[in-house]
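For reference, the chain that follows is the form predicted on its own, supplied as structure tokens.
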Amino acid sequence: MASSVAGPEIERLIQLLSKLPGLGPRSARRAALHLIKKREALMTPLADALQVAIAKIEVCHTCGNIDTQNPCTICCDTRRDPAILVVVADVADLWALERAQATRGRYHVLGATLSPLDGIGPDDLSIDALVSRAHDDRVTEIILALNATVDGQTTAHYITDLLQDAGVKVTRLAHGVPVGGELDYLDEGTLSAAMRQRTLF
């Protein structure tokens, strides 16, 4: 077993940083060392920001987004189109769509996708709230922006069945060749999906 090169407080900082996505033990050590070297410029403001986040961040009771206000900034934005409801599995997916400025609709965060192997069933997702929102007279289209995985597609089919009597158009994101993609580098599933979903030129 490797001996510790720092005190328990620094080792705890490294251990906590290593739990972040994309950071292993070595990267966490580099990040901790960088924070310590830049204590005034980075570590103190980061600690303050974390304290504020702990006190103020909450889950939006309307859509499931994470924000410092409830309802969240997106739900309060009057420029959003109330006719379009974009369903995503996670807040990270919502943020990705917002970065891309892909829609001006409103969102609904499920919290995950159906995954029997992981013990995630319909009761673990905010599907009931989605069905309720779908019956709002202002909603005319629900876009299922779920991952093109088995779990994502299973969830999409399950939701589509539940929304049959809601009187809304249910669509999903297109699957296929990414912008800038070369056919030779794509997997067979992506190529077959692109061929099935071809459009007029």
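Numbering starts at 1 and follows the sequence shown. Computed from a predicted structure; not experimentally measured.
We do not show the form predicted together with another copy of the chain, though everything after this point is about it.
May I ask you to check whether residue 177 falls inside a 4.5 Å heavy atom distance of another copy of the chain in the predicted complex?
Looking in the predicted complex, residue contacts with another copy of the chain do not include residue 177, since no heavy atom lies within 4.5 Å.
Whether residue 154 contacts another copy of the chain in the predicted complex should be assessed with a 4.5 Å heavy atom distance threshold; does it?
Contact with another copy of the chain, no.
Since only the chain is shown here, I'm wondering whether residue 81 would be in contact with another copy of the chain in the predicted complex (any heavy atom pair within 4.5 Å).
Residue 81 lies outside the contact set for another copy of the chain.
Does another copy of the chain come within 4.5 Å of any heavy atom of residue 188 in the predicted complex?
Looking in the predicted complex, residue contacts with another copy of the chain do not include residue 188, since no heavy atom lies within 4.5 Å.
Is it the case that 43, 54 and 92 all touch another copy of the chain in the predicted complex, with a non-hydrogen atom of each within 4.5 angstroms?
Spot residues vs another copy of the chain: full contact, yes.
Consider the chain as shown here, without its partner, and state which of 162, 134, 170, 31 has a heavy atom within 4.5 Å of another copy of the chain in the predicted complex.
Contact residue from the list: 31.
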